[in-house]
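In the block that follows, a single chain appears as structure tokens, in the form predicted on its own.
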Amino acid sequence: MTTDDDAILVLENVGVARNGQPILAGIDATFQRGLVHAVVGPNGAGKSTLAAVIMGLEGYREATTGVIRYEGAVIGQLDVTERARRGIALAWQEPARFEGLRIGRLLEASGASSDDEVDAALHDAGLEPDRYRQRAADTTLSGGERKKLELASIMVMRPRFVMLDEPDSGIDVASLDHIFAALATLQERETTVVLITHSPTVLRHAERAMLMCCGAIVDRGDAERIGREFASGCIPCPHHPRQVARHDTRRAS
């Protein structure tokens, strides 16, 4: 497929197979520089696998076919460390733990150059700096706290392309405002953001969206339109017959 000057990352006929079974098939996608994109779809559609492929995580890079271009360069053979060095980041739905490491030190290792930057990142992610700076990034943190900490780490990394896998998972309603404020900061930095989600609330913060089903992209375009299609039970497609039937029944009524 043809790229254009505004594209930061392009996938060309990307596929992934495990034990002879396809997980992703023929993925063509273009992510425009500085925009907020969303990848939506039901559980098992392949959304998180797509993120793992773009990040080059172990076990996915070797199983991937097709071409991945980032800022014009083919990166399919690069490992996760090199992709991160080039500005690609991924915040998982279930954040990692760092036993024995203080939160302030973790953010310094992630790229914070001063105490002020550590505190600003914690504040932007919804963690009170005086309360969390010296805490350990371990099992004493709740899932929601670890989710916020991972977001703070992303903020200090200053990536050029970041994927947020289910950013609202494990987050209470009050904390969502911090997530969306951090998203606004990333937009101000002209960071390309990919929201992997099935949440209408999160989707509203995207500009463009792709709808996935059974390892394929079945529609793409304006995020508002894609959100309506997903909320109404998806679109008629050959990938999921039950969704086709449900969609057709609703239309007939």
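One rule holds for the numbers: they count along the sequence shown, beginning at 1. None of these values were measured; they are calculated from a predicted model.
Below, we refer to the form predicted together with a small molecule, which is not included among the displayed structures.
Chemist: May I ask you to choose, among E117, E71, D124, E166, the residue with a heavy atom within 4.5 Å of the small molecule in the predicted complex?
Modeler: When the small molecule is considered in the predicted complex, the option within 4.5 Å is E166.
Chemist: Pick from V194, V53, A45, M210: which residue has any heavy atom within 4.5 angstroms of the small molecule in the predicted complex?
Modeler: It is A45.
Chemist: Can we say R18, I23 and H198 each have a non-hydrogen atom within 4.5 Å of the small molecule in the predicted complex?
Modeler: Each of the three qualifies.
Chemist: Using a 4.5 Å heavy atom cut-off, indicate which stretch of 181-189, 27-35, 45-53, 63-71 touches the small molecule in the predicted complex.
Modeler: Only one stretch qualifies here: 45-53.
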